[in-house]
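Shown next as structure tokens: one chain only, the form predicted on its own.
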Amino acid sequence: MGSDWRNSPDAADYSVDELMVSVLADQFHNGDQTTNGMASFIPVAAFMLARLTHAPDLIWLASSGGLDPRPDRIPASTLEAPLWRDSIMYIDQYTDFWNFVLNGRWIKKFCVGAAQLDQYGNANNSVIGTDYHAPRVRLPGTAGLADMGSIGKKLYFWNPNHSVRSMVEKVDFRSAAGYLDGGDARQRLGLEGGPQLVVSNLAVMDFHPVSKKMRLKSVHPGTSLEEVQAKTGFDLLLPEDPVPNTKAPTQVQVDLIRQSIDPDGMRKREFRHHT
């Protein structure tokens, strides 16, 4: 399948969810170690796509339970047993999983979804509002997000609903440490890793190597620079060269997503308005 994928032309017909999956899949390579959390349909599709194309030896710990699973398709939950089909071993979430994660040698890359993400990659999944004890909105909570932001993991964010509500200048509550206040703030606390990439339904962003502020990397076809900026709650840094369009998925990638990985369209559930 790998050679077919590399020789495949760009797809003429694809949706933004398939574009996001293909962009995320490109971030994972043979030997990388990844895991996913709850409601992580886009990342799970990306892991599966990478393994079917360019990274057959990607190490995937599915929802902190099944190591190297072989599911037929993405099930209705990304945190439960149906995803763990034919795993080579099962890892208890409350004991062994955290032993692996905390020792610094395993699970180097983690995909992060957040209700709010700010200009330095700090994430909020706890509360909306300035008073933690009387918030306007109570969110699901951090689960393992605070740990993943503080123990040297490389963080890859996905945001299917890019808006000024989700891309904010400063998060209301810091559920996971990004680059804190920017610059060397994270490094001064002895924290390794940190945010690497943000893939939204409008664009792809990374982080400036010195200031650590979010920077626009590419804009999805059919979306303008002006629209991306208008739907972002802070000024994005721009590259020196003109901002390119995000590369389209190949036809083989789209066929794999639609026919093998996620024929039931679970990935579309993450979007406020289904794609």
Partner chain sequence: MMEKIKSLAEAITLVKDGDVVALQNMATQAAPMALVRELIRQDKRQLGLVVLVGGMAVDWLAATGVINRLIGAAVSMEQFGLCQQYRKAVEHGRIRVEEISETILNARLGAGARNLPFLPTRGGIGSDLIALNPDNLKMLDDPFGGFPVLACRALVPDVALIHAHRADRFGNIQYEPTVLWPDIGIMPKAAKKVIVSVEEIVDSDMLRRHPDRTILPGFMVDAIIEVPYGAHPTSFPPNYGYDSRFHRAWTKVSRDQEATTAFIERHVLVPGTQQEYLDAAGGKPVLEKVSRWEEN
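Under this definition, the rigid core comprises the largest set of C-alpha atoms superposing within 1.5 Å between the forms. These numbers were taken from a predicted model, which means no experiment stands behind them. Numbering follows the first chain given and starts at 1.
Omitted from view is the form predicted together with the partner chain, to which the following refers.
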*Answer for D68 alone: is it within 4.5 Å of the partner chain in the model of the complex, judged on heavy atom distances?*
yes
*asked:* Check S175 for me: does it contact the partner chain in the model of the complex (non-hydrogen atoms, 4.5 angstroms)?
replied: yes
*Residue contact check: W84 to the partner chain in the model of the complex, 4.5 Å heavy atom*: yes
_Partner proximity in the model of the complex: M38 to the partner chain, non-hydrogen atom cutoff 4.5 Å_ = yes
*State yes only if every one of R136, I151 and G190 has a non-hydrogen atom within 4.5 Å of the partner chain in the model of the complex; otherwise state no.*
yes
*Exactly one stretch in 160-168, 112-120, 195-203, 85-93 has heavy atoms within 4.5 Å of the partner chain in the model of the complex; which is it?*
85-93
_Within 4.5 Å of the partner chain in the model of the complex, counting any non-hydrogen atom, which residues from 59-77 show up?_
I59, S63, G65, G66, L67, D68, R70, R73, P75, A76, S77
_For a quick test of reading the superposition: does T130 move by 2 Å or more at the CA between this form and the one not shown, rigid core aligned?_
no
